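Just the one chain here, the form predicted on its own, laid out as structure tokens.
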């Protein structure tokens, strides 16, 4: 699964604000840290504000702060502000009957969607901060190897 840019930017911002709960951060500071567009991040922060996740103050000394509880705020809460997550079964609206292979595949895809939703719902922003602090990927002995392809045997 790949998240839309707005969802990723929102997670970066929320995690950054949650990691610095005593200070207000400007959109410029967050954008610079992650190398993202200030203008795009401003739109994301506005939407997070409308969703009641962050609060922004204008002017000198202004910035954004997290107002949602990071122990209760989940990845799903943030992502769903910007994109739907989960099964779209029933979205066909009776346009056509599915074949047996299409129906079987739909069952599997719906189950994957359900697992994705459950995972995003089970991980709080606080848990993500702990994961980031632990950096388990830095201690991994796994080495990336490209998958073999039928055409090129990478």
Partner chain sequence: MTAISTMKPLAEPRTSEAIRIRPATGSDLAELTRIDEEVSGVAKRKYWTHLLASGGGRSRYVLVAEEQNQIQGFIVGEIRAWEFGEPPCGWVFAIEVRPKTRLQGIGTDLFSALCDRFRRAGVTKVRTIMARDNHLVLSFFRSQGMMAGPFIELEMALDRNG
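Numbering follows the first chain given and starts at 1. Source: prediction; values computed, not measured.
Omitted here: the form predicted in complex with the partner chain. The next part is about that form.
- Figure note: of the listed segments 59-67, 108-116, 31-39, 46-54, the one touching the partner chain in the predicted complex, with heavy atoms no more than 4.5 Å away, is 108-116.
- Though the partner is left out of this view, residue 23 does not reach within 4.5 Å of the partner chain in the predicted complex, counting heavy atoms only.
- Although the partner is absent here, residue 98 lies well away from the partner chain in the predicted complex, with no heavy atom inside 4.5 Å.
- A residue is said to contact a partner when one of its heavy atoms sits within 4.5 Å of a partner heavy atom; residue 103 fails this definition for the partner chain in the predicted complex, lying far away.
- For the partner-free chain shown, 118, 119, 121, 122, 123, 127, 130, 131, 134 of 117-134 come within 4.5 angstroms of the partner chain in the predicted complex, judged by any non-hydrogen atom.
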